[in-house]
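What follows is one chain in structure tokens, specifically the form predicted alone.
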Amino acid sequence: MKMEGQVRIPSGCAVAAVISKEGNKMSGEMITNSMKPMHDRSNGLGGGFAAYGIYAEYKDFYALHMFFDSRATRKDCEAFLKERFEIVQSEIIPTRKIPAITDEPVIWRYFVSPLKSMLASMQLDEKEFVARTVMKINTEMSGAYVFSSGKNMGAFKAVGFPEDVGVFYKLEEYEGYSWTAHGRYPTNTPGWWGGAHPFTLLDYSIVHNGEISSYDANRRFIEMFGYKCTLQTDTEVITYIMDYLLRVQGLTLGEAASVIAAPFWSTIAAKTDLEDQKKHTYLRTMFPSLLVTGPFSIVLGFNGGLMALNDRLKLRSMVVGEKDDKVFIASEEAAIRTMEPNAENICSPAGGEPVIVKVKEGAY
């Protein structure tokens, strides 16, 4: 029997990401392999990936990735979708049977465009309309879950180890300019298909290592604005916070980062740049309920870029590296070396300091 100190207890969960600043496409095989050296950070109760730029053929349509408990649920949900959207393509998401992944639900995708008549009658722009539809299905339609809803991107997740999830979804057959990955080690929430990371809304996706001690305060605030946390995992709320701050409130990525990983008041008071001090004071005062406390490292994916962020005390590991036009992010350097053995400029970002990487204009 191994004694304490002889067995490695990692600080749960693995995250990894890669992006090409030139918009060059990479197969999903590389990100899948990056999770292998971090195997012990997961316990087989959830793995997943988000990929950007994979649906060029349908890039103008929202790609709804869905889990259904049964075929009957899918038929009912499809009837509901037809009332709200033009469905241009409907198909099963291809998977391969492997022993490591069992009890899979019905996994489907729809490429859709909101009906103009619905947008006019509800007086909503299409992003708000899609977001509300996702919330409605996930809260009111038993046995149906939308787990991805952006344009030209998609999430792929399951109960299993991430390297197996990548094989299950045939990710080597997809080509994207940006990928994120997650291996779960749930500590206080169930392991189920909808609870695996990434969590997404529209084109935003979040993978997260850590635990949110402010979850209830964050959830109560965000649910006042029509968001509903239904997936039984604290990370879900970060996705909705980012959508609220970036899309609804129009903040920049840097401003959103300084809301959820706000500097301490003493740090703000010590700032010599008065404009900077005023901005941080304003953000902390305006959005106090959206400060995310507890240990976390997250990667936010969005159309055209990534943002990596640690909690302000840096209680979870995160490493960044570069090579040519690519930027790599992971919980451990070993994962970066698996993707690019010659990665350079390896560093660990400071707590609360966002690393923002964008694809050059027009490249994606």
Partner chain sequence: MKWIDATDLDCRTLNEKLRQTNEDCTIDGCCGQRFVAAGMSDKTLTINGIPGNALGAYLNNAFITVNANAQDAVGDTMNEGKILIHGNIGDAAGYAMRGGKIYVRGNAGYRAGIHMKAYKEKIPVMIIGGCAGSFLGEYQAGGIIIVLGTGSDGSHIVGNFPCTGMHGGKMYLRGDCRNIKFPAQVTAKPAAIEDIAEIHDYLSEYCSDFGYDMDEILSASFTVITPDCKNPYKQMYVAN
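Residue numbers count along the first chain shown, from 1. Quantities reported herein were computed from a predicted structural model and do not represent experimental measurements.
Just so you know, the form predicted in complex with the partner chain exists too; it's not on screen, but the next bit is about it.
Contact label in the model of the complex: residue 313 to the partner chain, heavy atom within 4.5 Å: Residue 313: contacts the partner chain in the model of the complex.
4.5 angstroms heavy atom contact with the partner chain in the model of the complex for residue 264: Flag for residue 264 set to yes.
Partner proximity in the model of the complex: residue 45 to the partner chain, non-hydrogen atom cutoff 4.5 Å: So residue 45 does not count as contacting the partner chain.
Contact of residue 23 with the partner chain in the model of the complex (heavy atom, 4.5 Å): It does not: once the partner chain is placed as it appears in the model of the complex, residue 23 has no heavy atom within 4.5 Å of it.
Segment assignment from 66 to 74, 297 to 305, 53 to 61, 327 to 335: heavy atom within 4.5 Å of the partner chain in the model of the complex: Of the options given, it is 327 to 335.
Non-hydrogen atom within 4.5 Å of the partner chain in the model of the complex for each of 37, 317 and 351: Per the other structure, all of 37, 317 and 351 touch the partner chain.
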